[in-house]
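We begin with a single chain expressed as structure tokens, specifically the form predicted on its own.
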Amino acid sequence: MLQQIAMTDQNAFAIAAAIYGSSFLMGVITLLLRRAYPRALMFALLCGGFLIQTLGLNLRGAAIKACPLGNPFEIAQFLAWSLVLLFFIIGPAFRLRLLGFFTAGLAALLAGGSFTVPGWDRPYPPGIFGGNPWIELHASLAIFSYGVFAILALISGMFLIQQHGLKKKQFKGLYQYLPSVQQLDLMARRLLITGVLVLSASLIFGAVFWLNNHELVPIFKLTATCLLWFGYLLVLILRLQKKLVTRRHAIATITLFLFAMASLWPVESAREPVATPAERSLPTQP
């Protein structure tokens, strides 16, 4: 029976969400009790949740014969997976304390919250991208860029918390585990550049498909994605010109990420499966 549970993508997603939630809860209890932050244990738990979620994504991808991005439930899972993957890349390299704690919280919210709306995991036919590699690459890069923007929003939130602590001259509890504002600000700039580059690449690959199939792309999806890209690009330009820095930069990136999340679900809910060329050539029934 345990083997059957392990081989079910839904159960793999649920177990991963539970691990992320437990990691976050452990961090909250530790900070409230003012005990040493268990960084190694947090990292180990996130590794376990990530591996199980990877299993779930692989099982779902094998079932649908495509990257699992066909409905809001799968997008939430893939976004949480991307967020944790980025933490593994960024966390050890820059030793950002408490980043694992905030990552666990957001991953639990995304992975676990997707179960609260059963309609999000609606069925769809295999090969939703119609076997088109351009549109599949576009979709996966777009969601991965959202993962970059998600961890950017977390770091921006950490920046605002630490800045508040410095103004109030509070250096104990949560504040003592946060990185310096200079380190957080530098990391935010690098993530912003990375996110804009990945999203730009996604739009380029998507344009290859759109030029020949523009009637299949909902106008709302195209408009929302372009607005989001332009918003992040504008913030990046202002940041490089040093016209949007520190607190205002943090607030802007958090606001843009909230806009991305608010527009993502209706965009994907309105999307129709991409038809293959053979399917589009079939005559319609009277």
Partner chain sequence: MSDVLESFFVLGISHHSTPLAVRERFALSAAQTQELQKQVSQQVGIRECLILNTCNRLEIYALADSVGHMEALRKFFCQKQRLPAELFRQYAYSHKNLEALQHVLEVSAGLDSQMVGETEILGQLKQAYQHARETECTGNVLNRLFEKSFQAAKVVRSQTAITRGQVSIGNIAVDLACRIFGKLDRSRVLLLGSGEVGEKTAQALLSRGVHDIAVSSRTFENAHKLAHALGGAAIDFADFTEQLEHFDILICSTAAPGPLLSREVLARTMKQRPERPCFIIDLALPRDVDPSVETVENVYLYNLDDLSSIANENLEARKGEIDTARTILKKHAWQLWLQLRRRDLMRRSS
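Positions refer to the first chain, counted from 1. Since we're looking at a predicted model, the values are computed, not measured.
Unshown form predicted together with its partner chain; subsequent notes refer to it.
In the model of the complex, its partner chain stays beyond 4.5 Å of every heavy atom belonging to residue 44. Contact check for residue 202: every heavy atom lies farther than 4.5 Å from its partner chain in the model of the complex. Among residues of the shown chain, residue 255 is not one whose heavy atoms approach its partner chain to within 4.5 Å in the model of the complex. Its partner chain is not drawn, but in the model of the complex it has a heavy atom within 4.5 Å of residue 245. No member of the trio 58, 62 and 65 reaches its partner chain in the model of the complex with any non-hydrogen atom inside 4.5 Å. Contact with its partner chain in the model of the complex, judged by any heavy atom within 4.5 Å, is made by just one of 88, 115, 175, 134: 175. The stretch from 222 to 230, 49 to 57, 24 to 32, 236 to 244 that comes within 4.5 Å of its partner chain in the model of the complex, counting heavy atoms only, is 236 to 244. Contacts with its partner chain in the model of the complex, taken as any heavy atom within 4.5 Å, map within 141 to 168 to 162, 163, 165, 166, 167.
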